[in-house]
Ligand code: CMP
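This document starts with one chain, in the form predicted on its own, laid out as structure tokens.
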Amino acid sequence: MIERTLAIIKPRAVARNIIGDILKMMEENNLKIVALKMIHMDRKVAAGFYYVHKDKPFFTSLIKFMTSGAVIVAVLEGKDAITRYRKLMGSTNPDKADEGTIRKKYAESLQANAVHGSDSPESAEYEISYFFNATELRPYHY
């Protein structure tokens, strides 16, 4: 099934100038980029996006990290895109991530794990609409 998923390249990965390397890994894994932009989240935007974690002990540090610099937000499309991108990202903990995954190659730590991806079709729909309106999503012609 053709799906869309949100991808975020996090602030430390952007600051380290590895955006192109990460985007290339996505494309090489047959994930089509149908929307892409660089933004700098303020506290309100980051807190709204990560509202599902608001009661967790890491929420404050997560918001501080995600507002510490620019991020790349992208919409990826492809067959089973959510599952395939999550496999490509690797474990949240880079020490436990499989070789060849984005987090194994580029994460600096558990928190600075380089990328984010939607975990379900429902979260993908919410997350994509949080950062992109319909006119920013281009149809991909296969």
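In this text, all values refer to a predicted model and were calculated from it rather than measured experimentally. Residue positions are given as counts along the sequence shown, with the first one as 1.
Not on display, but discussed next: the form predicted in complex with the named molecule.
- With a 4.5 Å cutoff on heavy atoms, T101 does not count as touching the named molecule in the predicted complex; it lies far away.
- The named molecule in the predicted complex comes within 4.5 Å of no heavy atom belonging to R12.
- The named molecule is not drawn, but in the predicted complex it has a heavy atom within 4.5 Å of H53.
- Put simply, H116 is close to the named molecule in the predicted complex: some heavy atom of it is within 4.5 Å.
- Site annotation in the predicted complex: the residue of S68, N29, T92, T83 reaching within 4.5 Å of the named molecule with a heavy atom is T92.
- Residue L62 is the only member of 61-79 with a non-hydrogen atom no more than 4.5 angstroms from the named molecule in the predicted complex.
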